[in-house]
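Next up: a single chain in C-alpha cells, the form predicted alone.
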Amino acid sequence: MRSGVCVDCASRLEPVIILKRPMSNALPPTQLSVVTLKRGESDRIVAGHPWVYDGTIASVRPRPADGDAVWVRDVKGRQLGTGLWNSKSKILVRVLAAEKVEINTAFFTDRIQSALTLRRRALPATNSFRVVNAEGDFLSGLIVDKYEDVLVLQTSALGMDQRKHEIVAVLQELFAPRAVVERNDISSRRLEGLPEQVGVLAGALAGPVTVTLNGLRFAVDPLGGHKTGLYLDQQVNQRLVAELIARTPGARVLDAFSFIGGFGLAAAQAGAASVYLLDQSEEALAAARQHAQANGLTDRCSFEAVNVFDWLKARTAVGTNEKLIPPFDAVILDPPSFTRNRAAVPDALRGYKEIHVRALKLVKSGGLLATFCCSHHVDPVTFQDVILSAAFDTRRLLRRVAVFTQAPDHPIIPSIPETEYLKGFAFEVVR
C-alpha cells in the first residue's frame, strides 16, 4: 500500500450519499420459513461459515420459494442466522447475517458501506478496487468491482440475482457511477439455475475504461474483458515484487503467464532493463503491448505468445556435456489455477513443480524468483513444499524474502477457508 494519499484520489473515494436508514430486525415469526439443522451441524454456521447444504438440514417449514429469505436454527431452536434459500443449488441456504434481519435496501447499504470503509482504510490511494468480495464481506453470491467511475457487478447466487436492481440502486446512491455493468457470464450461475447475462444495468458505457494501478495506466473492458475486466487481487503484490526487482539495477526479467502485463510492466517501471512477457493468449499479449506503449515502456519490453510450459522446457533443455547459464535476474510465475477441485490437486502439484524446476534453472545466483498460486485447494505450506522440492531437484538453495497474499480488497475470513485462495513467495536464489 502506498504511503501518502493524493487529495484528488481521496476525494473521489468519498461516497456521494451516506445513507443512515436503520436496519429492521423486527420480523414476525410467521414471515419467514424456518430451516432447522441436524444435530451437530450448527457449529460451522456459528463459527461464521455461511453455506448450508442439503445433507445438514433436518426440516424446512413451511417450504420457501427459491430466493426467499429464511431463518436458520439448530435442533434446540436457537437462532443461527438469516439467509437466502435456493432449492436448485447444492448450497440450499446462504446465511447473510447471524441476527434476524430483513434483507432489504437498508441491509445492503449497511454492508456495502462497511466494505467501502475497509477499502478506504487499506487502499487509500487507489480508485480501482473490489468493493464487495462475496463471503469475504458477508454477502455470499455478490461481487462488485470498481474501475474508476464504473462499477461491475456479478451475482452468482439466485437470491442475490433476484435483488440485483435493489443492489444497483444502493451502488448508485453510494458511488454515483458513470455506469453499472453486469458481468454474469460465469459458469457457476448454472449451478444456481441462472442464465448468463452481460450488459449495462445503469448509466452508459462506450468503450474501455482507463484505470491507474501503481502508477501504471491500463485499459479495462468491463463488458468484454477477462473476469470483470482485470485481476485486482494482485495490485499490491505487483508493486511489492517490483520493489524487490528494483534492488538489482538494470535487471533482466522473465514474466511468465503475464496476462496483460501487470507484473512485467511494474518491473519495467521500477527500473528493469528488459522484461520478457510470455502468455498463451494472443489477446492478452496484445493488451500488454498496448499498455507498455501507453506507459512509455515499449523499449524495455518484448512479448511472445506461446505455451509457457513448452517455452520453459525448450529454454532449459541441454545436450550432453552442455551447461545452462541462467539468463535472468528475476523470474515471475503467476499461472492460472491448475485445479478447481480437490481430486485434481495431485496433477496440479506436478504442474507447479514442473514450472518451478524449469524456472529455477533460468534464475542467476543471487537472483529472484517470485511465484504465485491462486488455487484455494493448494494451501501455502503445500505450495512452498513443491517449490522446495523443485529447488532440491535443481540443486538450488533458496532464501525466502517475502510472503504474499491477496490484496486487502479481497478480505480473508479464516472461518471461511474459501475466502483465502491467493498465496505467493519471493525467494532469493542463493546458489
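This is a predicted model, so every value here is computed, not measured. Counting begins at 1, following the sequence as shown.
We do not show the form predicted in complex with a small molecule, though everything after this point is about it.
Check Gly67, Trp85 and Thr155: does every one of them have a heavy atom within 4.5 Å of the small molecule in the predicted complex?
No, the whole trio is out of contact, none within 4.5 Å by any heavy atom.
Would Pro335 count as touching the small molecule in the predicted complex under a 4.5 Å heavy atom rule?
Within the cut-off, so yes.
Please determine whether Val308 contacts the small molecule in the predicted complex, using a 4.5 Å cut-off between heavy atoms.
So Val308 counts as contacting the small molecule.
Tyr352 versus the small molecule, in the predicted complex: is there a non-hydrogen atom within 4.5 Å?
The answer is no: Tyr352 has no heavy atom within 4.5 Å of the small molecule.
Give a yes or no for Ser140: in the predicted complex, does one of its heavy atoms lie within 4.5 Å of a heavy atom belonging to the small molecule?
Answer no; every heavy atom of Ser140 is more than 4.5 Å from the small molecule in the predicted complex.
Pick from 169-177, 295-303, 229-237, 344-352: which stretch has a heavy atom within 4.5 Å of the small molecule in the predicted complex?
Contact criterion met by 229-237 only.
Would you kindly say which of Asp279, Asp145, Asp161, Glu192 lies with a heavy atom within 4.5 Å of the small molecule in the predicted complex?
Of the listed residues, the single hit is Asp279.
Please tell me which of Phe108, Phe259, Phe129, Phe328 lies within 4.5 Å of the small molecule in the predicted complex, judged by heavy atoms.
The residue from Phe108, Phe259, Phe129, Phe328 that makes the contact is Phe259.
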